[in-house]
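Structure 1 and structure 2 below are the same protein chain in two forms, each given by itself as structure tokens.
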Structure 1
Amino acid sequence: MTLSEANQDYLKAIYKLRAHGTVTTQALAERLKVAPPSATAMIKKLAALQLVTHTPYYGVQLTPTGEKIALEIIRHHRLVETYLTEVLGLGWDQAHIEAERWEHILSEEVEARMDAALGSPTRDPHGAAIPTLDGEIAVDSWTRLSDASGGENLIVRRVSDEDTELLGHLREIGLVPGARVAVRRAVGAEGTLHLEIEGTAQVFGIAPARFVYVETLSDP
């Protein structure tokens, strides 16, 4: 089945949005920055291809075939990001933008060579799981940094790659996978977290902290 880049983008967006609950047409439109009627029309096309279903109260859902394609696109994206950062030395934000293009055109041969050159990685530079060739993907149970309380000692496990500007900022302040973070204070009224990131004091917004996933350290 030959799909357009737009088709693939919708399948990937549906897969990612479902982690936050029911996938609505409005949510898809907002994520892909299109008008709601355009999203509705695309959903109908994908449904005709038997890649999605759309039912009242259950929203848009991927069929097994649609999910397989979505995971393949996500694998391409995360594998390319890993290659561009680890082999070519690109920054996170630039690698993400490039991967958005490459994910649609990556051939099986190039994918296999990238995977071999990287030693078959299971995580991308942001800590996100890379789907296997068989369409399997690890399910994480980490919590959001935005939910942290004062006195907690944490380690960053993953950061979202949805916002390239935020990606650059996170790397700049060292809030990256593997970084140890001590939460000194969480000030809800100010919308801030007072952190120590690898020993360096940093004030960080609670809102962007929603895109940072952490694990509690039992032995700081």
Structure 2
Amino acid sequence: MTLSEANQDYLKAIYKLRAHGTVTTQALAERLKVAPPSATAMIKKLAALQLVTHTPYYGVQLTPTGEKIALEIIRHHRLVETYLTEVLGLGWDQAHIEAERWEHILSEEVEARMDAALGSPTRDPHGAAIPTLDGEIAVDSWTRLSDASGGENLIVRRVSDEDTELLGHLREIGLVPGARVAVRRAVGAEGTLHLEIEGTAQVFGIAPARFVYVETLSDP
């Protein structure tokens, strides 16, 4: 079975949106930047291929086969991202954009070579887990930087690659996997965070902090 790029993009998007098991048409349409009817149409096709189950008006869910395929694509994406940054020296944001295209055309053979060249990495440059060849993926239990209450000592474990622009910014200010962060002061829902990143003071918005996952070293 050969799936079109569009098919693959939808499966990947459903996978990434599937926090509560089921994904709405609108969420899918937004993420893929298509109109809702386009998403409905594709959902039907994927359902016919048994890659998703669809309850009209109530959302879509990946079948085990669909999930496996989504994980393959994500593996490709993250492996390529890692390769492009580690071996060819591209920036994170550039690598992410490239990987969006490469993920669809990567053969098993080249995948294996890149994997070997990188020493079978388990994390991509932003700290996201790279699924294994047989579709296993590590489950992270980190918290979001936006949930910090103030006073914690944290270590950045992962930054989401969903917002390309943000990605570049995070890197600039040093909010990268492995960075140590102290939260000096946290302000409410619409507020800001006062951070010390590797010893440098920074004021950071709550909104982008939702995309930074951290491990807590010491609580306030």
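Heads up, when I say rigid core I mean the largest set of C-alphas that superpose within 1.5 Å between the two forms. Sequence positions of structure 1, starting at 1, serve as the residue numbers. Bear in mind that the values here come from a model prediction, so they are computed numbers and not experimental data.
Structure 1 is taken from the form predicted alone, while structure 2 is not.
Taking the rigid core as fixed, one finds a CA shift for Thr200 smaller than 2 Å between structure 1 and structure 2. Note on His20: its Cα is shifted 5.5 Å between structure 1 and structure 2, core used for superposition.
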